[in-house]
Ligand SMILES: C[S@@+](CC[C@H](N)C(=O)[O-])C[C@H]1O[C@@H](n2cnc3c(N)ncnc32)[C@H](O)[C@@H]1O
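Just one chain follows, in the form predicted on its own, and it is written as C-alpha cells.
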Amino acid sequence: MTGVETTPDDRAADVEFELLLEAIWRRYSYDFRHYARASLRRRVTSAMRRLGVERMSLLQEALLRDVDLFTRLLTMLSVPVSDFFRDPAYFTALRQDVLPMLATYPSLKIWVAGCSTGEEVHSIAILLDELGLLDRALIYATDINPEALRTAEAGVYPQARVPGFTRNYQAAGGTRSLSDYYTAAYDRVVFDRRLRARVAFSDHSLATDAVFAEVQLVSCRNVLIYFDRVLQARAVQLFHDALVPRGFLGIGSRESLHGFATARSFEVVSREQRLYRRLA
C-alpha cells in the first residue's frame, strides 16, 4: 500500500476544517477556501490554542455568533511577516530598472497588495522620495488583516528592529541615512508622516474583491505562496487587469508566473528578482 492511510478521526477533522472555512465565507465573506491547506490548517490549529477552543466544530459554532471572535481569528490567520527593504536586491532592481521608466508618467500609482504591517509600503515610499517621485505618486496599500493595516498606517515599529532595517536599506542602495526618515522615542521609531501622506490604506481581499484602480506597478511579494493554484491564478489576473500596458509586476522570490494563462501577457524584466512587465 502506498501513501498515508487516513483514519475516521482524520477524515472527520478534514470535514470540520472544510466546514469552518465555508462558515467563514458564508458569514463574513472572507474566503480562505483556496488558501494553501497545510499552512492554513497550522494557523487555525495555533489560533485554537490561543483562543482556548478544543475543536474546530466548536470554533465554527462560536464564530457564527461572535463578530469580535472572528476579528481576533482573522488577525491570526493572515500572515503579517514583513521587513524594511526585504530582499534588498529587489529594491535595487526597482530603483535601477523600474522606477526610472515609470518616472516618465505625469503621475504614478502603485499597488502594494498584501501590505501586512507596512514595511514594504514605507520602503517603496522612501525609494520614490530619493528619486524625486514621491510628491506625484499614490500608493495603494491593501490587506485583509485590520490589525496589520492599523500598524502600517501608524508607521510605528520597535527600535530593536532598526539595525536590520538599516542594513537592508544600505544593501538596497539607499542614498541617505535611514534615520532621516524616522524619529526615535520610548523604544519605538515613528516613520515620517510625509511618506504615508502619499498612501491610501484599505481592506482588500485577493480572494473575493475586484480591481479598484489602474496602476503602473503592482508589488505583491510572499503572498501567493499561501494560496492554492486557483487563487494564485485569480490574483495574477487581478494584477494584470490593474496594470496599465507596459506596467510592472513584482512577486516574491519563491513565486512564479509559470503555468498561468495570464503569464503570456507578461515579459520577464528580472527572472532572479521576479519582476515582470505587462505587454501592450
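Numbering starts at 1 and follows the sequence shown. As the structure is a computational prediction, the values presented were derived from the model and not from experiment.
Another form, the form predicted in complex with the named molecule, is not on view; read the next lines as being about it.
- Interface residue among Val189, Leu127, Leu108, Ile144 relative to the named molecule in the model of the complex, by the heavy atom within 4.5 Å criterion: Ile144.
- This chain is drawn without the named molecule; in the model of the complex, the residue among Ala103, Ala154, Ala171, Ala207 with a heavy atom within 4.5 Å of it is Ala207.
- When the named molecule is considered in the model of the complex, His240 lies well away from it, no heavy atom lying within 4.5 Å.
- Remark: Arg221 counts among the residues lining the named molecule in the model of the complex, judged by a heavy atom distance of 4.5 Å or less.
- Remark: Arg196 does not count among the residues lining the named molecule in the model of the complex, judged by a heavy atom distance of 4.5 Å or less.
- In the model of the complex, the named molecule sits within 4.5 Å of a heavy atom belonging to Val81.
- Contact annotation: the named molecule lies within 4.5 Å of heavy atoms from the stretch 113-121 in the model of the complex, the single such stretch among 131-139, 176-184, 95-103, 113-121.
- Residue Tyr35 is the only member of 22-36 with a non-hydrogen atom no more than 4.5 angstroms from the named molecule in the model of the complex.
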